[in-house]
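In structure tokens, one chain follows: the form predicted on its own.
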Amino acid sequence: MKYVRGLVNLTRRMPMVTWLVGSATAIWVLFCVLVGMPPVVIVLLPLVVGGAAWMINRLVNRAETSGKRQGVVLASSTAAVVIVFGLIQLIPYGKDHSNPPVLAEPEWSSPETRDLMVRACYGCHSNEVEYPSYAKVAPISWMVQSHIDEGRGQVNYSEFGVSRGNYRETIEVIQDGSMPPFYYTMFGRHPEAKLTKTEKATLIAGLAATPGLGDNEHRGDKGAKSNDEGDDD
């Protein structure tokens, strides 16, 4: 309760700081939700920045007037953001943009089916990921890599019949619009993944005719083909 009362008193003494910090936090959370940032990053990063700001504020000379004190707090917060942003760039997660080898793919019913799948799904569900330029900067790089890791863990069309996955749900998730997820194309990202109604219908028809994806009489491992046998790419 002592800390809560202290926080309340601080907000009363420094309304400008409270408003700026609150607004920045709300914008950060909204942005993270829209782009699909991992929840741990949404919560942990502001806490780290806040802790760094508190430490910096303790190190600098405290001003006598509330107006000057607000300036010190704002300067400390800004410095904390810059320092933490610089330090997180040293974290290696999300910096290795190499792809594992392609082991096997479905026997696509047509080259067009594969092309549409590459556009709509291969950004996270394959070993042929093309990393965007912004994936080099943390914490965005963490978000991109976490999506790829999660996507490959669910379904990897470059390891069809080799690794386990919910391949039978491919048509269903495309039909209901859950794939690709809304945040994948947010803010103009991955425009190629936005299929028209005609392209979506063509893709679903092609998947229905692809062994292991649309024909329940075939197993995924029977429909797989290795790269050595050649594919349409």
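Because the structure is a prediction, the values reported are computed rather than measured. The numbering used is simple: start at 1 and walk along the sequence shown.
As for the form predicted together with heme C (HEC), it is not shown, yet the points below apply to it.
- At a distance threshold of 4.5 angstroms between non-hydrogen atoms, V173 is in contact with heme C (HEC) in the predicted bound form.
- Although the partner is absent here, G151 is a contact residue: one of its heavy atoms lies within 4.5 angstroms of heme C (HEC) in the predicted bound form.
- Heavy atoms of V49 never reach within 4.5 Å of heme C (HEC) in the predicted bound form, leaving it off the interface.
- Heavy atoms of N166 reach within 4.5 Å of heme C (HEC) in the predicted bound form, making it an interface residue.
- This chain is displayed without heme C (HEC), yet in the predicted bound form the stretch 143-151 from 130-138, 143-151, 78-86, 97-105 comes within 4.5 Å of it by heavy atoms.
- Contact annotation for 171-194: residues with any non-hydrogen atom within 4.5 angstroms of heme C (HEC) in the predicted bound form are V173, I174, M179, P180, P181, Y183, Y184, listed in sequence order.
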